[in-house]
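First, one chain by itself in C-alpha cells, the form predicted alone.
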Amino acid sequence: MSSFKLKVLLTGAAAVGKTSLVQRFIKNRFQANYKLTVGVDILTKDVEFRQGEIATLSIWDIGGQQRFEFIRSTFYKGAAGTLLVFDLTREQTYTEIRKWLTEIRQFAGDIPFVLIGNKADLMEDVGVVIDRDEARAFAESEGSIYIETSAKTGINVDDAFTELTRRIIDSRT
C-alpha cells in the first residue's frame, strides 16, 4: 500500500473560515466563535484519496491577516498543494484570490490548488454576492476546479481535501 506524506496549505483572506474547515475535516466539529490564527497552525490527517491509497496530509492553516504577510512566505516552502479559500458572503475575499495565487506561486511554485467558496450555509440569508460561474471559469482557466463548502454543515469539506490530494498525486505521476 503506497503512502504519501504531503504538506498542504490553507490560504486566503482573514476570517474566510480556513480554521473552521480544517477543524471540521479533522475533528468533525464546528465552533462558531472566531479565533484569529496567529502565524500558522499545523494539523495532520490521513486521507484515502483512492481505494486503498492513503496520503498523510500535514495541513498548514496559515493566518490571512495582512500583518502576517512577511512571515507567511516561509510557510509556503515545500508545499505540495493548497486550498485557496474565500468567503461566499464577502466579495472582497473573492477579488483577493488572484493576489493570493500570485503569492502562492511566488513562494511555493506552480502547485495544484482547489478554489473553495466557503460559508455556503449563509447564502440563503445573504443572497448571492459573487458570480459563481466566474469563480468556476477562473478556477478552470488556472487548471483547477471550484468547490463550495460549509464548515458549519460539513458539506463538501472532505471532498475538498480529497480532491486536492488526488490532484497533487496525479500531478506527480
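Not measured: the values here are computed from a predicted model. So that there is no doubt, residue numbering starts at 1 and follows the sequence shown.
The same protein has a further form, the form predicted in complex with guanosine-5'-diphosphate, not shown here; the description that follows concerns it.
Student: Given the stretches 47-55, 138-146, 121-129, 105-113, which is the single one in contact with guanosine-5'-diphosphate in the predicted complex, using a heavy atom cutoff of 4.5 Å?
Tutor: Going by heavy atoms within 4.5 Å, the stretch is 121-129.
Student: Answer yes if any heavy atom of residue 164 is within 4.5 Å of a heavy atom of guanosine-5'-diphosphate in the predicted complex; otherwise answer no.
Tutor: Although guanosine-5'-diphosphate is absent here, residue 164 would stay clear of it in the predicted complex, with no heavy atoms inside 4.5 Å.
Student: Given that guanosine-5'-diphosphate is not shown alongside this chain, does residue 16 nevertheless sit within 4.5 Å of it in the predicted complex, heavy atom to heavy atom?
Tutor: Within the cut-off, so yes.
Student: Check whether residue 160 has any heavy atom within 4.5 Å of a heavy atom of guanosine-5'-diphosphate in the predicted complex, and answer yes or no.
Tutor: Close contact is absent here: in the predicted complex, residue 160 is far from guanosine-5'-diphosphate, nothing within 4.5 Å, heavy atoms only.
Student: Taking the shortest heavy atom distance, is residue 28 within 4.5 Å of guanosine-5'-diphosphate in the predicted complex?
Tutor: Result no; residue 28 lies far from guanosine-5'-diphosphate in the predicted complex.
Student: In the predicted complex, which residues of 76-103 put a heavy atom within 4.5 Å of guanosine-5'-diphosphate?
Tutor: Stretch hits: zero.
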